[in-house]
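Quick heads-up: it's one chain on its own, the form predicted alone, in structure tokens.
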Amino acid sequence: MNIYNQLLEVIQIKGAAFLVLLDPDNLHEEKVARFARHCENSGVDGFLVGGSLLLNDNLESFLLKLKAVTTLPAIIFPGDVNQISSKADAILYLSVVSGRNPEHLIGKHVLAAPIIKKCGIEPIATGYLLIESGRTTTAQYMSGSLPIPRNKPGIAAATALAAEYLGMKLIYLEAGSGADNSIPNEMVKAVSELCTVPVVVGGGIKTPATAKEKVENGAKIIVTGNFFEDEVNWNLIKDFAEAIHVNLPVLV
């Protein structure tokens, strides 16, 4: 079974999937094994791996350490063409459909496609929408794209539907790493009601209650990232998983 179908199966069984974003620049390699095992034991469904820059140029070694200690899928969340590795299980083939920068709509994809083919990893076509979050995020700055205003759910919904009609398998609503505000529930609901493919929501989700709100409004995959870079917060991972997996009973 490919990774996309695995995600669909998790969504069907659990109600929604929980992915944790690992940035090799921010999570020291000596912590990878301990953190990955803790995530798997706490109910996480998979990992996104990547960052805007990857200054340490350690993607491959990071993936090797990750895959050595967990059976959960490792999906590349690429910040650029150089963030591709055969050690991953899949890659989000991101097109920034909220912006009008051709490099991030199709340009980088032409360069990446032969590399992905050679690596033999699964590409998952993803319509990526940057949403205003209260600050200029790294994703916004690096992509040279204006975000969709957070009070315009109709624009987000129409853009997401266009991405689905273009063949995208996922719609990713992104507030950005370290966002002040998460995606508004009204926007999550508007996109989810209009689209038939799974809606991913990430950025600014700092509590299990917030994660559950996104699922209750139609999100099918929740992504958390830099919140768990602080080891103090690791004990909350299980709470996040239980809040997101709305079809499963809460174990006490």
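Quick note: we count residues from 1 along the sequence shown, nothing fancier. Predicted model, so just to flag it, every value in this text is computed and none were measured.
Keep in mind that the form predicted together with a small molecule is missing from the display, and what follows is about it.
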Q.
Although the partner isn't part of this model, could you tell me whether Phe77 comes within 4.5 Å of the small molecule in the predicted complex, counting any heavy atom of the residue?
A. yes
Q. Would Ala179 count as a contact of the small molecule in the predicted complex, using a 4.5 angstroms cut-off between non-hydrogen atoms?
A. yes
(Q) Please determine whether Gly225 contacts the small molecule in the predicted complex, using a 4.5 Å cut-off between heavy atoms. (A) yes
Q. Are any of the heavy atoms in Gly204 no more than 4.5 Å from a heavy atom of the small molecule in the predicted complex?
A. yes
Q | the small molecule in the predicted complex: contacting segment from 101-109, 151-159, 168-176, 119-127, heavy atom within 4.5 Å | A | 168-176
Q. What is the one choice in Ile237, Val10, Leu21, Ala243 with a heavy atom within 4.5 Å of the small molecule in the predicted complex?
A. Leu21
